[in-house]
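As structure tokens, one chain now follows by itself in the form predicted on its own.
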Amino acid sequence: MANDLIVGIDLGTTNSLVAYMDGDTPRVIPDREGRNLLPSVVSFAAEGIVVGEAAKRQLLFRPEKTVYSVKRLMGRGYEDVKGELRFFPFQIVPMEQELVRIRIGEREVTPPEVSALILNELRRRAEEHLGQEVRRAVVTVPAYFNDSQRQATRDAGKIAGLEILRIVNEPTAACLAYGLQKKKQGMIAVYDLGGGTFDISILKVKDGIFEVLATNGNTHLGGDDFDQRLMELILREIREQFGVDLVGNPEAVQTVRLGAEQAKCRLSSEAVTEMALSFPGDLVKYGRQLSRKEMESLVEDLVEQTVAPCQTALADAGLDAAQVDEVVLVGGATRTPLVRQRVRELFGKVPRAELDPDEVVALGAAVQAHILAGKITEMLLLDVNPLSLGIETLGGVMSVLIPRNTTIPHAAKEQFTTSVDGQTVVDLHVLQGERELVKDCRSLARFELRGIPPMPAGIPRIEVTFLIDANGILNVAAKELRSVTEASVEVKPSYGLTDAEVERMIEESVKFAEADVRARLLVEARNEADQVIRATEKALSDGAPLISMEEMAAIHSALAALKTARDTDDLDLLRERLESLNGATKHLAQLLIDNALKEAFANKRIDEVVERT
């Protein structure tokens, strides 16, 4: 049974999920509190590493040691992200031509390490729910993720101790989730606007075969950018109203960010919302009404940026919008009414969103996992590579071997020759991109073909083979046909984690696994203690007249004991003190509930008398 179990994971920018097949139905696995979404946030607290809701709460207290939106950094170099560093409270190490590294205190971590911690938490959740070990998974990525970003995702899986059997494009996974239930036939457009990425995919569905015809998008556009626009407005208004610039205050900026995110979410269902932000140390008190119309004016140009990729994908698929039978919405940002309106205008039909847009990708990943396990045989997934692949030729020109939107897996061969007499070594430069010149494309790898017999220029026949697998990962081989000299490489990003680094991270994850779990439990217990302390203090203020002096003294004693235990590292003591305080306040809580019910009943009787008179 354990060998057959493969879970589906949506490793998201804002939230992540894990799903499995319950019979023939995909289901998202909840945590102990019944929450399906795991915030993609990791906090490196003094007592250890925490992930998810507990880490998200640390954003207000330890923003410089709490990492969020790490998916935006996956497989990217410092030059790729330096324009947005001001948006992150944590520090990015300025290292050119190397994978981004995040400095947390005295240590440095990479985005794959942070993502591995999120994957580990999802795996733990799945194992607890299913009652068995989980070691294999299908993981989704944005369709427009390049080779470096896909490789970083594979590295994260390795570090987390997961064998990633397949990397599936998110829009394709969403279509699988719908296809399992509806068995749709025709042309489907999947519009996927998540927390940090946008993808559009055009699929042809017939007789259970899902064929991706074209894909396009933007790996750096999503709901986070909506939040950022509202953040900038709030920060500007605080500066103008109070003369206080909060930009250099990480705690205050995170308060603004979380407030902006909450207001944006409320405006998806409300026309107007109230914002009230209090800052650490009573720095300022900011409040205002925000209308949906105002919010839409802030993000209208961002929504418009999704239109051109949609039009390009349609053109690549040889279709116009009228030929699309269904439009499927994916990603939490598609709850924004302006987004839905623009999609309806673009495709001329009401988009479908029967499945939760936050969950549909994870559900589709579970379906793909079921296909790989041999449990579904009547369904087939044919995906495409998002960007052209080729090599550098004379004059710094990009020579394409596999064009973008080619169905994968796929192999391509092409012959080249030398340009210099007696040349015995050929340097092969593997590239990805849509531009004509090498300088405008992304370098994926370099390797050498050595041992070519000396011959006049133009005589050697060098055959280059590109093989792109079902995960979108590329292997390149080269051989000189006359002498059968060969060389090959599994293409790794020009900057990324080495095999040795990955192995070290795997060893550390095993070594510190028990300590990390205990650290997480300690932080969660401290958070619970903070909530209980606040609730008890309020209950004492409201209910003092209802209890005896002896009971009041017992509650104060238990409360003081919990406050003392809260600042220790003794998890067992903290739990014991929590139970003691809960026991001491049980009678007071019951009296407060009874009192509230009496007041509500009395008010109801008064209303009835007023109504009769």
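Given the structure is predicted, the values throughout are model-derived calculations rather than measurements. Quick note: we count residues from 1 along the sequence shown, nothing fancier.
This protein has a second form, the form predicted together with a small molecule, left out of what is shown; the following refers to that one.
The small molecule is not drawn, but in the predicted complex it has a heavy atom within 4.5 Å of residue 268.
Mapping the unseen interface onto this chain, residue 223 counts among the residues with a heavy atom inside 4.5 Å of the small molecule in the predicted complex.
The small molecule in the predicted complex is approached by residue 358, whose closest heavy atom lies within 4.5 angstroms of it. Although the partner is absent here, residue 336 lies within 4.5 Å of the small molecule in the predicted complex, judged by heavy atoms. Three-residue candidate spot 80, 149 and 433; no residue lies within 4.5 angstroms of the small molecule in the predicted complex by any non-hydrogen atom. Note that among 168-176, 532-540, 326-334, 446-454, the stretch whose heavy atoms approach the small molecule to within 4.5 Å in the predicted complex is 326-334. Of the candidates 76, 264, 404, 125, 264 is the one whose heavy atoms come within 4.5 Å of the small molecule in the predicted complex; the others do not. Note on the partner interface in the predicted complex: the residue among 195, 157, 351, 250 having a heavy atom within 4.5 angstroms of the small molecule is 195.
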